Each structure stands twice: as C-alpha cells, then as structure tokens.
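This document contains two forms of one protein chain, each encoded as structure tokens and listed individually as structure 1 and structure 2.
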Structure 1
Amino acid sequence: MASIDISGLVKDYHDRAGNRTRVLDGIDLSITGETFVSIVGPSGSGKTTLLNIVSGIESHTAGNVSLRAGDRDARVGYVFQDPRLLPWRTVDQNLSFVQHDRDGWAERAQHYLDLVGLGHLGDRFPAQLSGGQQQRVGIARAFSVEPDILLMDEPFSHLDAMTSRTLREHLERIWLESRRTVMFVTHDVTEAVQLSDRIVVLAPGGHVHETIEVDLPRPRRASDPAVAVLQAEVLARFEVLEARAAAARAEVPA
C-alpha cells in the first residue's frame, strides 16, 4: 500500500536580487492507500510547487517528503497541465520511453490507450493528434508505468468544457479500475468534489487552510443532488477564501 507523508514542508524562492519568497509554509499532509486527494486553492497558492516537490522535480527548503509503497520507494506517474509528449516519437514510443519495467509494457500501453479511447492511434506523432487526444496520451502514459502514486496538475484546464467532462469521466473510470494513491491539483471545485475522497484547500501563503472529506458513492454524476449540494457548499467556502486572498493582495502594495 502506497503512502505520501509530508511534514513541515517549506519552500522558498530567491529572486536575482536575493529576496526570499516563501511559497510553501509548513505543509503537513498524509495520504495513505487508494485515496483520491484533490488540492485546490487560489492561483499562486503553491499547488504546482507542492506537486513538483512531491514528484522530485523541484527541491525544497525544509521539512520531509516521503513516498513509500510497502517497504520500498514508491513509483510515480505524472500528468502535466500540458501533454509534454516527445514530439519526435510516436504515441507508442512515448509510452515506451517512460517504462521502468520492460516486461509486457506493450500490452500495458495498449490497455491504457484503449481505456482513453486511443488504442488505434499508437503510430501517430503527437503533432497529428488534437489537443484533447494528446492530453489523453499523457494520462495513458502516467497510468502505463503502473505507478503507486499518481500526480496530476490541472490536467484538463487547457481543454474545452465538453472534452474535459469526457476526460474526467475517463479518469474516474480508469481510476476505479486500477486504484492508486492520487494527488490531483485543480482550480475547479466542482471537479474536485466529483473526483475526490478528500479535498485539501491551500490558502495563499502556502499552508493548508482546511481539509474536506467527501464521502459520496461512486461513480458520481454531476447531476446527482448530493454531489451538487456538496459542490455548492465547498464552492461557498472557497469563495470566502478567494475573497480574502484578493483583499490581502490589494493590501500588500499599500
């Protein structure tokens, strides 16, 4: 069983003049087992930074991050905001490129491409796919390494409403089929409610504002009244936070 343990995580950026900006300020977060956790928060609250630190792309200033799967280090899959495919490799080759484990990767790749509905496009180059198709390849790629932990950074935010709704359904279906520990960053509170078991709200300044458990049956539908009620409630709380963030921003220059 996989787990993410974050304690006292601090991240500072330094600009050219040597000024320090604290982006994450003492994050404590513990995720265990096949849990789908969404990270929401106003723009600039440090969501991407948190995810990058967890994935090992960025270093941190203080605190501990540990990703474990049983008694070994956990394997990570990442779905980025943009597809980030190698333009000079076909879809199949892109999936092959990230495999840790060469055994049976072709079947795995085919399986997940089928799940995102692209099983027949393995020979195409990324430039020959639509934006939504590229993003689906990105999702299949992340699943195809059979990660213990799956990280996603606003994977649908570049897409139109229709496409992103379809892809959300794809995602929930794949996740239900092969459950993993997920950290999912989003701006979209309704999306968070629909997908997650838990919602972590980051506040500007980079600390955890509150944690909301979502205990609704799956698969969920946006039209389900229980989902809608919870969405409205979380949205209301989130709006208060955003208003406060906006007020804080307005005060700073004064």
Structure 2
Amino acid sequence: MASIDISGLVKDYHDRAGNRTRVLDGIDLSITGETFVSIVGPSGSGKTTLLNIVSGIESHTAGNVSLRAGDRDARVGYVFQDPRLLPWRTVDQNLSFVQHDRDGWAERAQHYLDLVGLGHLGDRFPAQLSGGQQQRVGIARAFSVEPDILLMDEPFSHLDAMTSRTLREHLERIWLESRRTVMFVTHDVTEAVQLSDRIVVLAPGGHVHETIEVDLPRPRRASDPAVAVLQAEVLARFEVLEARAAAARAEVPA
C-alpha cells in the first residue's frame, strides 16, 4: 500500500535583497492507499509548489515528505500540464522510453493506450495528434510505468471544456482499474468533485484551510445532480476564501 506523508512542510523563497516570502507554511497531509486526492486553492496558495516538492523537483525549507510503498520507496509517475512528448519518437516509443521494467512493457503500453482510446495510434508521432490526444498519451505513459503514486499537475488546464470533460472520463476509468494513490492539483472545482475521494483546500499563505470528503458513487458525470450540488458547495467555500484573500491584500499598504 502506497502513502504520501507530509509533516510540518515549509517553503520559503528569498529575493536578491534577502526578503523572504513564505509559500507553504506548516503543511500536514497524509494520503494513503487506493485514493484520489485533489489539491485546490486560490492563486498563490502554493498548490504547484507543494506538488513539486512532493515529486522532488523542488527542495523544501523545513518539514518532511515521505513517499513509501510498504517497506520501500514508492515508484512515482508524473503527469504534467503539457504532455512533454519527445517529438522525434512515436507514441509507442515515448511510452517505451520511460519504462523501468522492460519485461512486458509493450503489453502494458498497449493496455493503457487502449484505456485512453488511442490503442490504434501507437505508430503516430506527436505532431500528428491533437492536443487532447497528446495529453491522453501523457496519462497512458504515466500509468504504464505502473507507479505506486501518481502526481498530476493541472493536466487539463490548457484544453477546451469538451476535451477536458472527455479526458476526465478517461482518467476516472483508468484510475478505477488501476487504483493508484493519486495527488492531483487543479484550479477547477468541477474536476476536483468529479474525480476525487477527498479535496484538500489550500489557503493563500500556504496552509490547509479544510478537507472535504467526497462520498459519491462512481463513475461520476458533471451533469449528475449530486455532483452539481457538491460542486456548488465547494465553489461557495472557495469564493469565501478568495474574498478573504482579496480583503487581506487590500489592507496591505502600497
């Protein structure tokens, strides 16, 4: 069973004059087992910074981050905001490039490409695919390494609404089969409600404002009344948080 354990996490940035900006301020968070957790929050709340620290892309100032799968370090997959496919390699070759375990990789790659509806396009180059298809390849690539933990950084943010909706459905289907431990950063409340078991709301200044449990049956659709009701509730809380942040900024002297 995989787990992400974050305790007392602090991240400071310093400008050239030595002035400090605290982006994350004492984050405590535990994600364990077959669960899908979304991180949401207003701009400046540290969502992407948190994910980058968990992935090892960025260092942290204080605190601890542990990614484990039983008695070993967890294997981690990452889905970026853009697909980051190698343009000189075919779809199949892009999936091959990231494989840790070479045994049976072709079958795994084909399986996950089939799950995102692209099993027939393995010989295509990225330039021959639409933006939505490229992102589907990125999702299949991340799952094909069979990670214990999957980190996702706003993977649908650059896509149109219809394509995003389709990709959310693909992602939910592939997650329901694989049941990886997922940490998903998004600014879209619809995505968070449709995909998550739990929604963690970060506040400006980089601390956990609240955690919302999502106890709705799967698969989910944005048009489902229960999904729409919870989405409205989360949006209302989000708007209160943003209003507080705007009021705090207005009080800061120019």
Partner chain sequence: MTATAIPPAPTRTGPAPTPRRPSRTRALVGPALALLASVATMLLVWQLAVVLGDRVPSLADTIDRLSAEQASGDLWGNVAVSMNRFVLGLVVALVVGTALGVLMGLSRFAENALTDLTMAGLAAPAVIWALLTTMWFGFGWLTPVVTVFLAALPFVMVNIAKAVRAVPSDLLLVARAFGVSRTEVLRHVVAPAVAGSTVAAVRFAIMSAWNGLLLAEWFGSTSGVGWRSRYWYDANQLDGFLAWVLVFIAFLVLVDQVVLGPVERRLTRWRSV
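Everything quoted here is computed from the prediction, not taken from an experiment. Between two forms, the rigid core is the largest collection of C-alphas that superpose within 1.5 Å. Every residue number counts along structure 1's sequence, beginning with 1.
Assignment of forms: the chain in structure 2 is the form predicted on its own, the chain in structure 1 is not. After superposing the rigid core, the C-alpha of residue 239 moves by less than 2 Å between the two structures. For residue 14, the CA shift between the two structures after superposing the rigid core equals 2.3 Å.
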